[in-house]
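Next up: just one chain, as structure tokens, the form predicted on its own.
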């Protein structure tokens, strides 16, 4: 064997060994769990608001609606799942029970359910059809069980809490793997309440035993994540427009938030000093309403508007939750499906070519001078590899050589968030004939930061990190050119 060849192999093996033996950077005190990391990587999840309100043309039912009006003639949960997959959605959440109390499964604890509807002569179970369809096509399944119930006679008393926990147990034991339980803060007010027809108020901070409810979820579905204003795994972004703050941290002080009473501005930015990792979720409907209304058939969000929301949610370190409401036949409207499909095509076309892939990178600082933390790890399109600056650094810069003939107008930055969210201030510059020109700047990065700029060319890109709460680290950097339909807004 050629001696030089053998020496080269040995050198590569030694470098690989040294890289593997080198410990990772010191993590922050607040980091995500593995299931939170997996969830954020989904990027897009979907909501399916389908229930009694679909047939009453309401958003919030009163609770006195007759089960006899619920009868979707062509319901096809597989159509929902396939359309969602085509849009890049990785999980769907079904409204198993909304505020009116009508249950889409034959609950043993109430007569106000699908078992007393004409659907399949009272033998139907839409929760099962939904979870079966998700399992068939590899879609994660989540469920929404409204804490408020305007039908139940015992609402506002301890009896309703027992009822609620019993229904939660039904949903978490009879329908396979549930990936997310979704709880909101709409609680108390006027309702039917078993015929009382009155207004009932509850103390939102004490009525629901949230700790017990969460323990039921984790006991029956250990891999499930829980959404609410206060998490513990995922939190509301503070608006229903699908938009995270320009600065957005994945940390919260959970002592400052409670279901139904949280400060929306706080939820929209997260907390740089937060003591818990709680992923932000940006919820929005493809239509003006959350449930289907025929009068809104021409009011769905356009593909370009959906793309804009992707940048303002996923591109700001949050998860995009898009609601698609089935019509009275039990199907997603064709125009909604077409808009979602085109939305995905635009994103795929925009992010198909990374102009910085495998580009040469240099850095002002490299942790331990080890190849494990090499600057080139930023351009290898691998989230598991990363560059990091030395432990004592809170500022650093990287320079990336790029093709000066290609225009770009989209910039991607990603941190290795398994070690925490670290970078607090940065800018991006391009080397032009006249010198360095700042083209973008920001504060937080997190799992993913997407920046939109006017098209430009240059010889080099420089990333300046001006502030961080630990040694700065980046796992991915990308440059892209927007495809048709992807416009700055």
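No experiment lies behind these values; they were computed from the predicted model shown. Positions refer to the first chain, counted from 1.
The protein also exists as the form predicted together with a small molecule; that form is not presented, and the subsequent description refers to it.
- In the predicted complex, the small molecule sits within 4.5 Å of a heavy atom belonging to residue 240.
- Not displayed here, the small molecule is kept clear of residue 447 by more than 4.5 Å at the level of heavy atoms in the predicted complex.
- In the predicted complex, the small molecule sits within 4.5 Å of a heavy atom belonging to residue 184.
- The closest heavy atom approach of residue 152 to the small molecule in the predicted complex falls outside 4.5 Å.
- Each of 49, 99 and 290 comes within 4.5 Å of the small molecule in the predicted complex, counting any heavy atom.
- Checking 415, 283, 233, 180 against the small molecule in the predicted complex, a heavy atom within 4.5 Å turns up for just one residue: 283.
- Comment: the small molecule is not present in this chain, but in the predicted complex one of 164, 144, 248, 105 has a heavy atom within 4.5 Å of it, namely 144.
- With the small molecule omitted here, the record of contacts in the predicted complex names 41-49 of 41-49, 438-446, 416-424, 459-467, defined by a heavy atom within 4.5 Å.
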